[in-house]
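Quick heads-up: it's one chain on its own, the form predicted alone, in structure tokens.
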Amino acid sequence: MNKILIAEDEAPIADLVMTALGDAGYVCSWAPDGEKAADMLEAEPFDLVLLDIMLPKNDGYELLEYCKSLETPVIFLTAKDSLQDRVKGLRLGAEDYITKPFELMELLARVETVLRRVGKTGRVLSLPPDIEIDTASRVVRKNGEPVALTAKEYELLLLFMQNKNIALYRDRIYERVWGEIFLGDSRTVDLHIQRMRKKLGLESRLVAVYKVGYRLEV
């Protein structure tokens, strides 16, 4: 499993991010200031750092330079939202730049994208007691046996497993999986979810949320 360090001085934000990433199958650690983050980076390897710029003791820009020396990718997660700040962060070497406030679903997608880009996505996501996704080979297994899913069904399952216990709106599901603007016709989303749910026996766990969409209950 991928290990992620969250360097963030606001405890409520850190808790929110750690919970979301933990539910998605990542192992997370928290550093409340730049000095602690540097100590943790020196003590053990991380696959990714989510880094606030305005940290006590050592700021995010200083830590970015340290992360580069360790070849550890960084995503800035910060309230500094001007164009100049974003350009500066990316030019200094951050893999991505996310401004606060942010949506957890978007954060998870960007984390997955960066890990894939730097070649660190070889991991297995599990949905106890019987379902696993090998994200490197894109193989889904139920009770150890492969299950044949279409490309869209696989992407839907991955999206729900990365957002366990979160109600996802149909329009966001469509935009994430199909990569197009949602025009109000939910039949495509519903049909694919119904087929995927039946193949994996998720009828009781992947539930419809009235006037919203669907939620994977764990």
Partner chain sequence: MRLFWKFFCGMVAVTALACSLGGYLLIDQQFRAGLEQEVSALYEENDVLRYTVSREMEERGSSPNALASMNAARVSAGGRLMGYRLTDAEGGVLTNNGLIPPPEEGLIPYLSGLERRRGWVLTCSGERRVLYAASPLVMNGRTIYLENSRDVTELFHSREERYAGFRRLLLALTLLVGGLTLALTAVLLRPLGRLSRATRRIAAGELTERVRVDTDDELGRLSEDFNTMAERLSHTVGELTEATRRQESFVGSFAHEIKTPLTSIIGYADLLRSRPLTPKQTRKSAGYIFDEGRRLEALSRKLMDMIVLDKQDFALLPLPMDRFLQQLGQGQAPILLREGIRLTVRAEEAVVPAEPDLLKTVLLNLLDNGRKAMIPVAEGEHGDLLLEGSVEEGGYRLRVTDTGKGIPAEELSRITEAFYMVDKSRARAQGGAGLGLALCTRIVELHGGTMEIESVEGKGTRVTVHLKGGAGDEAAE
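Residue numbers count along the first chain shown, from 1. By rigid core we mean the largest C-alpha set that fits within 1.5 Å across both forms. These figures come from a predicted structure and were not determined experimentally.
Quick note: we don't show the form predicted in complex with its partner chain, though the next part is all about it.
- Message: Considering non-hydrogen atoms and a 4.5 Å limit, which listed residue (I166, M40, L70, V27) is close to its partner chain in the predicted complex?
- Response: Selected residue: I166.
- Query: Pick from G144, P129, G119, P101: which has a non-hydrogen atom within 4.5 Å of its partner chain in the predicted complex?
  - Reply: Answer to the contact question: P101.
- Message: Against its partner chain in the predicted complex, would V114 count as a contact residue? Criterion: heavy atoms within 4.5 Å.
- Response: No.
- Partner contact for V207 in the predicted complex: its partner chain, 4.5 angstroms, heavy atom: Flag for V207 set to no.
- Item | Partner contact for I133 in the predicted complex: its partner chain, 4.5 angstroms, heavy atom | I133 lies outside the contact set for its partner chain.
- Query: Would K152 count as a contact of its partner chain in the predicted complex, using a 4.5 angstroms cut-off between non-hydrogen atoms?
  - Reply: No, K152 sits far enough from its partner chain in the predicted complex that none of its heavy atoms falls within 4.5 Å.
- Item | Any residue of 179-209 that, in the predicted complex, places a heavy atom within 4.5 Å of its partner chain | Result: empty, none.
- Would you say I173 moves between the shown form and the other one, meaning its CA shifts by 2 Å or more once the core is fitted? Yes, because once the rigid core is superposed, the C-alpha of I173 moves 2 Å or more between the shown form and the other one.
- Message: Given a core-based superposition, decide whether the C-alpha of L16 shifts by 2 Å or more between the shown form and the other one.
- Response: After core superposition, the C-alpha of L16 moves less than 2 Å between the shown form and the other one.
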